[in-house]
Every structure is written in C-alpha cells, then in structure tokens.
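Form predicted alone, single chain, as structure tokens, below.
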C-alpha cells in the first residue's frame, strides 16, 4: 500500500514537562541532539522516508525555535504546492481554553484533519529516537483491516504520562490495556505511535469532546471491544526520552559506532536543517578522543567522550570529558568539565571547573556565563 494516502501528525510539545531544563524556551521537538539535529527530525524523517506527503506539526507553546528549524519543510522535501508541511498553532476556545492534552490539541486541529483527502492518519510524539519503518506499519494496518494500529515495544517502560501496557490475543489484536503500574519490570508498552482511519479519528474526537474524555489512551480503551485494535511491535534500536538523564545517556550512546549506525541508517537518512559553516579546526597540541565534533568548532584543548555542536570553542588547556556542549558555547583556557550538559551559547570562564557524575549530569542553561 502506498503511504501517499496517509496524513502525518506530530505532537511537538508532548512531554515537555519531562525535560523542563531544556524546554523552558523551546518545544520537545526542537531540543538539540547529536551535534546538529533536533528531536523532531527523527519522526519527520521517518515519515518522509515512508513516503507520507502531508504532515501537520501540532504546537502549544515556545515554538519559535521550532518554526525557525523546520521552516517551510524544504529540508525534508515537504515545501510543496500540494500537501507538504503545516505548523498547527495552539488554539483557544471559550469552551476549553488553551489545549492541555493530545485530545484537546487534536480537536483544535480537527478542521485541518477533515480538510485532508488522506484516508489514514499516523500520530506520533517527538521524544522517540529510532529509525521506524512507518510504511511497514501502515501496510500491516491495511492488511489486517484494522481500525487502529498501535506501535509497541517490549522492555522496561519509561515514566511518561499515561504510559500504557497491553495484552494481546493470538492474532495480535489488543485484548486489554491498562496504565503501567510497575516501571521496573519488562512489559509490552506503547511508544505512542498510532495509525487510524481519518474518518474514525474525527468521530472519536467529536465523541471525546462531548464526553470530556481526558486522554487518548482512555478513549481507545473504551472501544477495544467494538473496534479492531492491533499492536505493531517495533524492534531494533529505539529510545524513549523521559528525563534529562535519558537525554544524557542516549546522547553518549551515539559514541558507540553500532548505535550510531542503527539510529542513522544509510538507507533511511535523518534529514535536518542545513547550515553552511567552515570545518572544525584542531589546533596544535589539541587532543580529541571518541567524540562527535560538528562543523565550525575550534578545538585547542582536550576533548574525550563528548558531543560538541556547531561553533563550540575549546581553548588551550581546557579539558572536557563525558559532556554535551551545544551550539556556540565557549570553554575558556584551563577550564575543566566532566559529565556536564551546556545549552546554547554558554560561556565558561578560564580556570573554572564543573563536575557531575554519570548518573547525575550537571546542566547549565542557555546563555549563562560561569
């Protein structure tokens, strides 16, 4: 089945509260990752790689940086006269006020959804990292004549709002669902990616609005008996971000070549906004080991097990280990950093030392000077 008949919907603000340190001035979708990417690049690229031609990005707050990053969608070949990418701003009604949940956000975008000529809708969040085969999931949905297909994985679930686990029948149909009660044991849990027929989604949204249902998971649970709801197991490299610790751990996992190959497969590229910058400069006496260094960096000190975004300066005598340094940050001479996350445009003065731990990285906010 061609994915041309699918409308993609991405929730850019879902779970902002899980990364409050990094989402104070940006959405979850625009959180920087891996030296040059944003989190939204992964679901957006997965959709493009599957051939989905129309994508709506639902926003709620702090979405200026997101708009700057995605622009018209040109980097993903979604700047088109027909279909293409649309940013859906937050809505406000006298009945509900500003959207507070996915159901609210979807209901606020129901005119956009109804105006699409696509038969199916694929819904996803931005805190999922991995190369997902949406086309295979859509084909499985159509083959089974399912009403709803929900992607899940087996493992220890992350503590996100309305984390849901499932039990399945012999044919893969979801027999029962419940909110996760124990986050320390392995189970089959939802990764918040769903395929649903557009007409059914519109009907369920109207019903949920009238009945004031609080969340999408409860809405689906109410209809398990009446609808054909199937699971689609997502295997391979997949990471769900639910905390700053997760962000730190998953970022440094990329320093393992095999992990890098899985999250950035050659046959399914991850697209992002391009920026023309000079190559990284390595000064005499600099020492870089097992690190990702983006364009425009100037390295004159020591860097080990780190991820450096574009335009980072590491001065002479500075030593950085096990850290993530975001765009435009400056590390002064003889400064020392270990297990640290620096947001954009942070300045560390000469001789300063900041030390965290593997299980407790120190975060320094945007444009702070230390």
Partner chain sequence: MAVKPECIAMLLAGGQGSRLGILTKQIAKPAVPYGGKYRIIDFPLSNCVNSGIYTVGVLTQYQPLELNDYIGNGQPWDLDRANGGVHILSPYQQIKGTEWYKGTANAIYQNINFIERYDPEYVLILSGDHIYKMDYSKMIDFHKKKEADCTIAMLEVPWDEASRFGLMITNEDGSIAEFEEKPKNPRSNKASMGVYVFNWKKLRQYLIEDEANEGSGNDFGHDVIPAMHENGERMFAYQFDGYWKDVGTINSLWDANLDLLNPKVDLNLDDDSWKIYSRSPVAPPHYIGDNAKVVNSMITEGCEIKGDIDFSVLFANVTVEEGAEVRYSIVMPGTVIKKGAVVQYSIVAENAVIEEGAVVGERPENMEDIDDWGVAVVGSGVKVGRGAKVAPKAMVDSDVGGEE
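Residue numbers count along the first chain shown, from 1. The shown structure was predicted, so the numbers you read here are calculated from the model rather than taken from an experiment.
Not pictured, yet referred to below: the form predicted in complex with the partner chain.
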{"property": "Contact of residue 275 with the partner chain in the predicted bound form (heavy atom, 4.5 Å)", "result": "yes"}
{"property": "Residue contact check: residue 131 to the partner chain in the predicted bound form, 4.5 Å heavy atom", "result": "no"}
{"property": "Residue 139 within 4.5 Å of the partner chain in the predicted bound form, heavy atoms", "result": "no"}
{"property": "Any non-hydrogen atom of residue 245 within 4.5 angstroms of the partner chain in the predicted bound form", "result": "no"}
{"property": "The single option of 203, 143, 289, 82 touching the partner chain in the predicted bound form, heavy atom within 4.5 Å", "result": "289"}
{"property": "The partner chain: the contacting residue among 264, 183, 179, 112 in the predicted bound form [heavy atom, 4.5 Å]", "result": "264"}
{"property": "Triplet 35, 74 and 281 all within 4.5 Å of the partner chain in the predicted bound form via a heavy atom", "result": "yes"}
{"property": "Answer range among 144-152, 161-169, 254-262, 206-214 for contact with the partner chain, defined in the predicted bound form as heavy atoms within 4.5 Å", "result": "254-262"}
